[in-house]
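A single chain, nothing else alongside it, follows as structure tokens in the form predicted alone.
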Amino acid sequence: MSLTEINFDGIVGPSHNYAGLSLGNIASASHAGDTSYPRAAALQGVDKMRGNLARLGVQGFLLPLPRPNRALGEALACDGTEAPALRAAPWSASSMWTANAATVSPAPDTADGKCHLTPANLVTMLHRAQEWPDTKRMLEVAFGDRDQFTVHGIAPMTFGDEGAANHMRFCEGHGSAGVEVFVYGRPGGRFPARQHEQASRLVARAHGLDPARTVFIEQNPAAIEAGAFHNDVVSVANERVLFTHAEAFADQQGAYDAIRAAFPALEVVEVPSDEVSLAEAIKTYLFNAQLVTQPDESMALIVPEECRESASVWGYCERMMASNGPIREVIPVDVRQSMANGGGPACLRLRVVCDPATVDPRFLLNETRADLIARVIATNWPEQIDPADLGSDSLAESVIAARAALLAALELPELA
């Protein structure tokens, strides 16, 4: 088999809105109550996918989940008198951030030689805890080849699990055996630590990972307090390279030592705090970037456009590109609608190392399919949503019809 890394981006759903539901997510909180633009958001996402398809030669996607979630609305006894946050929860489009969809261990790392996926339970946040049943169902369709993939159930909901946003993999090449790193937070701070250590350890055991090639690292509590609600807000990895802020981990040098003990080829690109402050890194999402290996074996960092608008961040990027280090190119992309809700380029994608031929082809992008998706979005997605609109019957009809049109166009009736 020919193993390669495929980025599966979440298509931004037609109910994309700014209700400010995510405690600890500074961007989400600061834009709470703003008008959102679902059509523009989804088309921005399609443009990002087109760029990566051209750049990398392969690109996947995952679909919006059914919204509004009537079952959750009924469980919350929504009748129009509830608090706005409760009314908004069943409408959340947060499944667009597929970095939280699951944790993925490629076949070269696992005891049985299959690619393992565990959907994240996302139990810490009400609006996200509703996602996993539909996410699991979609993963079972997209990765339905049982000879190649195992899709697990979620970790027990006693333990918070937020998926690949707190997981890194180091390897000499995507198809070779790797070292998997799980980053967890400790509870008790101002904001919730969403990834629990026991959830990470459970996932690693379920995936059949070699303990000698599995590392568990604590996230810096100060980073969580500053708004790095997931590790991928302060660090990102690709093959041999760890691109990280100097304040990402509770014991920064200890983290490097632990990874290097299992993976001696580690190359660390550490961004000093006196060049880019933790606050500026979180504001611009410099690390919530896609670090990718291009066909010529060079590495590129795909960052949000906001990075180019920050003097300190873009100055650092220019010095990094001139330094002859492992990251040779920095590519800004426009995902402003996602950024305003706290998700950059890395949030929007789930990395799966596999043979593309083993994936249901309906989830793989090509130019024809990208054109089709863009047409469906342009025709059916609401142009704008105000938080006060959430709960209205007319908006519900529009959102349900929009998703149905996409499923029909992509010939995915089993997800209806």
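Everything quoted here is computed from the prediction, not taken from an experiment. Each residue number is its position in the shown sequence, starting from 1.
We do not show the form predicted in complex with ligand SUG, though everything after this point is about it.
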Would you point out which of 255-263, 338-346, 173-181, 70-78 contains residues with a non-hydrogen atom within 4.5 Å of ligand SUG in the predicted complex? 338-346
Three-residue site S94, W97 and F229 fully in contact with ligand SUG in the predicted complex at 4.5 Å by heavy atom: yes
Hey, in the predicted complex, is H127 touching ligand SUG, heavy atoms inside 4.5 Å? yes
When the contact criterion is heavy atoms within 4.5 Å, does I224 count as touching ligand SUG in the predicted complex? no
According to a 4.5 angstroms non-hydrogen atom cut-off, is R194 in contact with ligand SUG in the predicted complex? yes
Is there a heavy atom of Q59 no more than 4.5 Å from a heavy atom of ligand SUG in the predicted complex? no
The one residue among C307, A120, V233, I217 placing a heavy atom within 4.5 Å of ligand SUG in the predicted complex is V233
